[in-house]
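Okay, here we've got a single chain as structure tokens, the form predicted on its own, with questions on binding and movement later.
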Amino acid sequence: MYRMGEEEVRRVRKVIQSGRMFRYYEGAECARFEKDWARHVGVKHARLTTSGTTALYAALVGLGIGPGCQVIVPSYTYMATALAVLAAGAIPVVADVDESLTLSPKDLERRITRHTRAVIPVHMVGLPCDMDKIMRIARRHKLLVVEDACQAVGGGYKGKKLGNFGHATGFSFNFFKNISAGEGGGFVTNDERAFLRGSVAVDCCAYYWNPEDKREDLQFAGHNFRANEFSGALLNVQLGRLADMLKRMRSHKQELLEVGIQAGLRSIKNNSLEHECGTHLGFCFRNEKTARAFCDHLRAQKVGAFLPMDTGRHVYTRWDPILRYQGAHHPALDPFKIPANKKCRVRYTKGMCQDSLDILNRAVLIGMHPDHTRSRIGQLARAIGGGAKAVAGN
């Protein structure tokens, strides 16, 4: 979370004093954010949920993904991306990332089978995927595309906002994201049927709130992942800050990237440097030893830096429920065990995406912050330059 303060306090206080804390009141905070968020992304429909995980789940359900489907996910993403696939009843297939730290288009195409129905490109740590190539592959193989922009809220790719490329997109608004409600998420889509079905997945009574809505085809047994008015209030304030924060971080990243390149470092692949979030600056090294030496140097200079490999559940080798084929709380509901998925099952091993492990072990990411002063940017520049000298020749 970058910024939160008195303005949010006033907005939440207003909700409490109104006595209207249920999201379906006229003029509700959630409804306002959904309208503004859809406009911000450039899509027709948006629905708030309780988390990025439930947002992805709702998007998949909305698009009709379920048993009998394989869905390709990248090897570097929070475990929840794959868990959302299982929650929908489908089987996740794990593919490599490339030096952009996002889904490799080449490996995506290699993993496609006759059972593949969808792909989830994840815009990891604010870095957009190569959506031009991914969408071409998806069109060629008639795949649905569900963007996971949970870590790239507000980011873009070549002039268009993330969430504008796939058939649906999931966002997260938890404590660690560009705008935050503490916890929360939402999905967006241009597909009205996907929106209506996804809304039932989010709110089992979604079709009851409008007495004129008689859509019996949508009255399946959904869940209750409704957002609350406090979340909506926080997000309405936060959204007003987003564009400026991302602009500042992009500027800082580009400035420091140039410092690193001039010092002899090699950048990770940036698919859309002018339009991404700018939340993380990344460099690639020849081996893990050099990457760790560079990272250690930065940390000694009080610069927040890390190797992607060290981020726990964001690396597929730490997705324990999936590696153990534990897809649900009960065997009869487990996508790995149900008959409809018999031909979709895949074998998971810790070495199945070795190229990803190599990349994640020799990359270093440095976090940006919109409130960095010119003095702090200077400190970061000196640390990066010094780190480059420290590992030169390794």
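Everything quoted here is computed from the prediction, not taken from an experiment. All residue numbers are counted from 1 along the displayed sequence.
Quick note: we don't show the form predicted in complex with a small molecule, though the next part is all about it.
Undergrad: Could you confirm whether Cys150 comes within 4.5 Å of the small molecule in the model of the complex, counting heavy atoms only?
TA: Cys150: yes, in contact with the small molecule in the model of the complex.
Undergrad: Does at least one non-hydrogen atom of Lys177 fall within 4.5 angstroms of the small molecule in the model of the complex?
TA: Yes.
Undergrad: With the partner left out of view, is Tyr78 within 4.5 angstroms of the small molecule in the model of the complex by any non-hydrogen atom?
TA: Tyr78: yes, in contact with the small molecule in the model of the complex.
Undergrad: So, in the model of the complex, is Ala59 in contact with the small molecule at a 4.5 angstroms heavy atom limit?
TA: Heavy-atom contact with the small molecule at 4.5 Å: absent for Ala59.
Undergrad: Just give me the single entry in Gly166, Gly184, Gly198, Pro128 that has a non-hydrogen atom within 4.5 angstroms of the small molecule in the model of the complex.
TA: Only one option qualifies, and that one is Gly184.
Undergrad: Name the single residue among Val188, Leu235, Ala227, Val122 that comes within 4.5 Å of the small molecule in the model of the complex, judging by heavy atoms.
TA: Exactly one listed residue reaches within 4.5 Å, namely Val122.
Undergrad: Name the stretch: of 237-245, 80-88, 300-308, 256-264, exactly one has residues whose heavy atoms fall within 4.5 Å of the small molecule in the model of the complex.
TA: Of the options given, it is 80-88.
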